[in-house]
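The chain below stands alone, shown as structure tokens; this is the form predicted on its own.
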């Protein structure tokens, strides 16, 4: 039986929790339910006389939609490539910076700058100053090395690689900072014992460092995957999903279908598929985190 003091504290905690819970319910759950309802209806503003309950028609339409499969493939390539690059580069930089006894604070502050920039700003920065043909920084370097000029964002063969570089540049510092913090907290006694046992640097890294920082690595992978799957602003500002559909990941295809082609029913179904993919990846990553 609860004491009066404990009961009052519990009621007070509920009073503090309810406003935030109601706001969360209104701003997330209700729109999600409406999105799911829209996905099983015909809502096409280009043909407003064709409306009503569609059932699974919007979902079955995806099976024969080559644009959907192309966007899904691009999403997998974009997400997988950016996450792997961020992890490898972030881990390498963290191991390198850890060997620098002084100046780590300055490096950490410098690493924060790309993260705090808005994705739209990042996309425009790379589009106008770095990847612009003829007068962009990268084009200037390529011409100086004798490789000629390239339309990095206008060439279908280069556009996807270019937006992958943009995303990697912005979010690698996040992986670097998290991994560096995890490496800095490792106990030095274990490594000293390994040196006494004549373990090589590769063995110390593979059998000691990686297992100890594994939880941090998995968390970074999960967070980076979530951001990559929901990427929109930087790609939209840099390429708009083009040229053609060369950088049209599933998120951009959903946007174009809903707000350019005005087919909200099919766009909602695409959004639900993207949500399902995101939840599946999140579940798989969390299972990996808790696995032995």
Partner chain sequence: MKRSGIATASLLGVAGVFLTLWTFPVLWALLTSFKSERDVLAYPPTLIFTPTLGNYRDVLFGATTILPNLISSFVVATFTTVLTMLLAIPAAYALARLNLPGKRAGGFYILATQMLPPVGLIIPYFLFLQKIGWLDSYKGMTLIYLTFSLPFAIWLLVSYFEDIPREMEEAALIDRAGRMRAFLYVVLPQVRGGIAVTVIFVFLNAWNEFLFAVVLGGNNVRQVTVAMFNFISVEQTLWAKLAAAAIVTMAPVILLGLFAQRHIVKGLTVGAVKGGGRR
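Just so we're clear, the structure is a prediction, and the values are computed from it rather than from any experiment. Residue numbers count along the first chain shown, from 1. Each form is matched to the other, and the largest set of C-alpha atoms that superpose within 1.5 Å is called the rigid core.
Heads up, the form predicted together with its partner chain isn't pictured, but that's what we're talking about next.
Among the residues 84, 161, 76, 124, the one placing a heavy atom within 4.5 Å of its partner chain in the model of the complex is 124. Only one of 107, 91, 217, 72 lies close to its partner chain in the model of the complex, with a heavy atom inside 4.5 Å, and it is 107. A residue is said to contact a partner when one of its heavy atoms sits within 4.5 Å of a partner heavy atom; residue 183 fails this definition for its partner chain in the model of the complex, lying far away. In the model of the complex, its partner chain lies farther than 4.5 Å from every heavy atom of residue 157. Residue contact with its partner chain in the model of the complex: residue 55 places no heavy atom within 4.5 Å of it. Interface membership of residue 28, defined by any non-hydrogen atom within 4.5 Å of its partner chain in the model of the complex, is confirmed.
The three marked residues, 147, 166 and 246, fail to reach its partner chain in the model of the complex, with no heavy atom of any inside 4.5 Å.
Applying a 4.5 Å heavy atom cutoff to its partner chain in the model of the complex picks out 32, 34, 35, 38 from 32-56, in order along the sequence. Comparing the forms between the shown form and the other one on their rigid core, the Cα displacement of residue 101 reaches 2 Å or more.
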